[in-house]
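Next comes just one chain, in structure tokens: the form predicted on its own.
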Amino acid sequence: MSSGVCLRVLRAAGSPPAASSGSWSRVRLPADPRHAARRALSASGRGGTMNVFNRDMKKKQKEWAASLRDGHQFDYLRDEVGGRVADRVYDIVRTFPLALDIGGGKSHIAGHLSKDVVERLFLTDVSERTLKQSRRSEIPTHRVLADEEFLPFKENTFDLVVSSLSLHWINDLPGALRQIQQVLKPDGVFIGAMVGGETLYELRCSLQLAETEREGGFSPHVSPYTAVTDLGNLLGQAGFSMLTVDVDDVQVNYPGIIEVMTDLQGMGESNCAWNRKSLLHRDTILAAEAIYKEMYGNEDGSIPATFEILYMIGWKPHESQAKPAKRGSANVSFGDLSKISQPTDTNTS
């Protein structure tokens, strides 16, 4: 699927997607050691992991988004990115007997895949209401209510693990990647997508300028995201090999800043950082609207919102995989390239 610009228009409410059939499992989630939203960046009880996001709040946001009668109209970004993740699955010429979709929600990836590629699928999400709305697909699917930070699966279980737009809300991303690597079988592959650090830079800048002007300071209203420069290191530290990381921008045009924030709520993508500010004053929103249109507005009066999508592919090591040559084993030096004589023209006039 080629990258491009998605235009948000006023969509007429249609019928919601049919719920898919399949089996269910409920997993007891570990108790959350975070008892109060009074900290910005603090260490949790899991080995000093940075505690940035209120995971309980994120669950409530996703449950609320799934309860909307017209919630399907906010699925456009997840459907687009899910299709691009599926494209990367198709690039690997093999059949995966058992796959896992982490934070899959309504199954935005499986709808783009066929049973010839994935024979069976486990779909997990922290929101039960979202899982109940997972879409029909030709792939036999087993839905599991589980937190992305605590995967309830044995090691060496899956041939393929995919994830689309859920890992950016995890506090312990290095630990989550290690768990993914562990549940993969040797020579299994992980293909994921998450939003990057430049996501919604237009909204972030407009709110900061407006809040500074009207209130004398600003608070973070857009969650912090992972930088693309860090992603390769995180995958390597988790034990993956043959890494691939690439970036793609998806730009969506909206009528105004209120529509941007409304759609983020409908996606279940509102800020859930502990240090978030829960209230925006009306004057600040109006000022941010004016700044947004002045700095980034389109000629037709709409405003763009950019989503930087980071795609990652990592393989669990196996003896059959290609390996780099040992250091110092080369028998040709780059310094010898200058000694190679250029071809001469034998035809003389």
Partner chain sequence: MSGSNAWTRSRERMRLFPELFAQCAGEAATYGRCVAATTTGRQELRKDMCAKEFEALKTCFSNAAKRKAK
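Numbering follows the first chain given and starts at 1. Note that this is a predicted model, so its numbers are computed, not measured.
Below, we refer to the form predicted in complex with the partner chain, which is not included among the displayed structures.
287 is the sole member of 287, 57, 309, 52 with a non-hydrogen atom within 4.5 Å of the partner chain in the predicted complex.
Residue 214 is the only one of 135, 72, 214, 185 with a heavy atom lying within 4.5 Å of the partner chain in the predicted complex. Contact check at 4.5 Å (heavy atoms) against the partner chain in the predicted complex: all three of 209, 283 and 291 pass. Under a 4.5 angstroms non-hydrogen atom cutoff, the partner chain in the predicted complex lacks residue 147 among its neighbouring residues. Taking the partner from elsewhere, residue 263 is found to have every heavy atom lying beyond 4.5 Å of the partner chain in the predicted complex. Among residues of the shown chain, residue 202 is not one whose heavy atoms approach the partner chain to within 4.5 Å in the predicted complex. Residue contact with the partner chain in the predicted complex: residue 259 places a heavy atom within 4.5 Å of it. Comparing 193-201, 72-80, 161-169, 251-259 against the partner chain in the predicted complex, the single stretch with non-hydrogen atoms within 4.5 angstroms of it is 251-259. Annotation for 84-113: no interface residues with the partner chain in the predicted complex [heavy atom within 4.5 Å].
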